[in-house]
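Just one chain follows, in the form predicted on its own, and it is written as structure tokens.
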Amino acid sequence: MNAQYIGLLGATSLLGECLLKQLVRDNWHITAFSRHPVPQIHPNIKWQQLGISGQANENIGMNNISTWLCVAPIWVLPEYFGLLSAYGAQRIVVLSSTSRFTKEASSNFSEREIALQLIKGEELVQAWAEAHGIDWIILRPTLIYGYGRDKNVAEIAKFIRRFGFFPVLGSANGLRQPVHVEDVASACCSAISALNLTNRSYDLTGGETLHYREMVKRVFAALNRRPRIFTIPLWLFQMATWGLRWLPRYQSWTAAMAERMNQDLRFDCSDAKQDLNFFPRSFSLAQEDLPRKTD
């Protein structure tokens, strides 16, 4: 069998680490990029340190990598267009997010900025790829969770451990489709191998749609705690998030997050199921999906 080579940007992220395992299992030879030095610990993984300019600290002209995965924030990818071109990129799978839709009309300025960055990032990737004859696929997962290191379910678990309860706004019946990080990694691997699929985008959801309140209840259950969910008004959420911002862990919490507890953030992943053989698991939390007690 001919060796398969791939470049991976965002390799040290949670999703990047899951991808490395799956790519090695599928016998890919990976050139993984990081801004910080990483020891070479596997024969199928070659680590390259990125310089300040976004270039790899090696003679990239000596290598050719036609297939690429980018799971770093999509808005930073334009910094690496020159790198990708120098390596001879011909196909790229890029991670975006359904937040480009759900946060576009947020009451919080920073969240609206994130949505705009995602939208602009997707537009720049498509324009650059099509101008250079490069096949592209953009994947937009919903709420990613897994291994206690995500910024979604893990944060709920940390809050419950620290305070013993969880606050919600109103009925908190907005619909959610949490997707496990391993399922997102599997979709990425399918997308790089499906050479008949070019120049299209897919939404990736979890295998189950449930209410926000039910999602929180399952986090309590995984922690072996009785659910203590308190309904509080928006003005109190606004005061609480302002106070919590003095704690580094909660600086990203906003009242807009509470407002979305009652919004249906539901997407259709039927195209991904058909084209990428994407059949994600229902929402469940194994002990390995919970943050460590020292976190």
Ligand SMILES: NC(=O)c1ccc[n+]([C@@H]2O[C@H](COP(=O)([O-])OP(=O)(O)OC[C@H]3O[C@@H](n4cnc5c(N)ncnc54)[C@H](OP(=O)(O)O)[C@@H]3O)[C@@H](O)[C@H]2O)c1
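Quick caveat, the model's predicted, so the values are computed rather than measured. Counting begins at 1, following the sequence as shown.
In what follows, reference is made to the form predicted together with the named molecule, a form of this protein that is not presented.
If the criterion is a non-hydrogen atom within 4.5 angstroms, does every one of Ala11, Ser34 and Tyr80 touch the named molecule in the model of the complex? Result yes, every residue of the spot touches the named molecule.
Among the candidate residues Gln177, Ser186, Ser106, Ser96, which is the single one with a non-hydrogen atom no more than 4.5 Å from the named molecule in the model of the complex? Exactly one listed residue reaches within 4.5 Å, namely Ser96.
Only one of Ile45, Leu50, Ile229, Ile232 comes within 4.5 Å of the named molecule in the model of the complex by heavy atoms, so just point that one out. Here the answer is residue option Leu50.
Any chance Gly170 has a heavy atom within 4.5 Å of the named molecule in the model of the complex? Output for Gly170 is no: heavy atoms all beyond 4.5 Å of the named molecule.
Please run the contact check for Leu143 against the named molecule in the model of the complex: heavy atoms, 4.5 angstroms, yes or no? Answer yes; at least one heavy atom of Leu143 falls within 4.5 Å of the named molecule in the model of the complex.
Contact between Ala154 and the named molecule in the model of the complex at 4.5 Å, heavy atoms? Heavy-atom contact with the named molecule at 4.5 Å: absent for Ala154.
I'd like to know whether Ala89 contacts the named molecule in the model of the complex, with contact meaning heavy atoms within 4.5 angstroms. Looking in the model of the complex, residue contacts with the named molecule do not include Ala89, since no heavy atom lies within 4.5 Å.
The named molecule isn't shown here, but in the model of the complex, which of 157 to 165, 81 to 89, 68 to 76, 119 to 127 has heavy atoms within 4.5 Å of it? Every other range fails; the passing one is 68 to 76.
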